[in-house]
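Only one chain is given next, in structure tokens, and it is the form predicted alone.
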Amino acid sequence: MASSSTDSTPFEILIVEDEYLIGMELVQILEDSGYVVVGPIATVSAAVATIERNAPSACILDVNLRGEISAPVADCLKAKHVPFFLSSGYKQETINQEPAFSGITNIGKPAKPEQLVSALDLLLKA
């Protein structure tokens, strides 16, 4: 597993997820794989503030945060050049309706731990 960056500092992964149990499961999977985790963060405004304050190495982003579409978070990640993917149960046709998610991979929800870590490893190598 590629759980550290090239300078031996662990990659810092931001989890933006409003469902507590799913967020905590993601934290456990990533920490067990050697990543440093920020979050889970459950709101659009808190996620944007966190990214503006300290851009993470990568992000796992839910599409719907307490009824609010997370497009502003995606836009902020793109502006900061932070790679990310979506973790959403939404159908791809629904996701494609939001331009901020254009070209972004959705690993689905729930994703298997090995699928999640593999997708993150690939994202960080890109």
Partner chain sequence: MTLEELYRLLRSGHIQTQGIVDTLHEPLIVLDKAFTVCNANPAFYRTFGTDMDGTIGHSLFELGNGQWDIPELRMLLSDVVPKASAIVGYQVNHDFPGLGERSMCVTARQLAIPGNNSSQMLVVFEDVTDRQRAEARKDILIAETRHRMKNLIATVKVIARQTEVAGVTGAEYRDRFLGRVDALLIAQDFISASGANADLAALIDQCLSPVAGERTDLVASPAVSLSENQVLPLSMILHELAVNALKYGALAGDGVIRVKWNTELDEGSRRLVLQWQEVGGPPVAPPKHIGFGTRLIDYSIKAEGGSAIFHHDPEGLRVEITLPIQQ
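Residue numbers count along the first chain shown, from 1. Everything numeric here is computed off the predicted structure, so don't read it as measured data.
Absent from the display: the form predicted in complex with its partner chain. The rest refers to it.
Notebook entry, point to check: Is there a non-hydrogen atom of Gly89 within 4.5 angstroms of a non-hydrogen atom of its partner chain in the predicted bound form?
Noted result: Yes, Gly89 is a contact residue.
Check: Is there a heavy atom of Pro40 lying 4.5 Å or less from a heavy atom of its partner chain in the predicted bound form?
Finding: The answer is yes: Pro40 has a heavy atom within 4.5 Å of its partner chain.
Notebook entry, point to check: Do Gln28 and its partner chain come within 4.5 Å of each other in the predicted bound form, heavy atoms counted?
Noted result: Judged by the heavy-atom cut-off of 4.5 Å, Gln28 is in contact with its partner chain in the predicted bound form.
Notebook entry, point to check: Counting only non-hydrogen atoms and a 4.5 angstroms cut-off, does Pro110 reach its partner chain in the predicted bound form?
Noted result: Taking the distances in the predicted bound form, the answer for Pro110 is yes, it comes within 4.5 Å of its partner chain.
Notebook entry, point to check: Which one, Thr50, Ser57, Ser33, Asn64, lies within 4.5 Å of its partner chain in the predicted bound form by heavy atoms?
Noted result: Of Thr50, Ser57, Ser33, Asn64, the residue with a heavy atom within 4.5 Å of its partner chain in the predicted bound form is Asn64.
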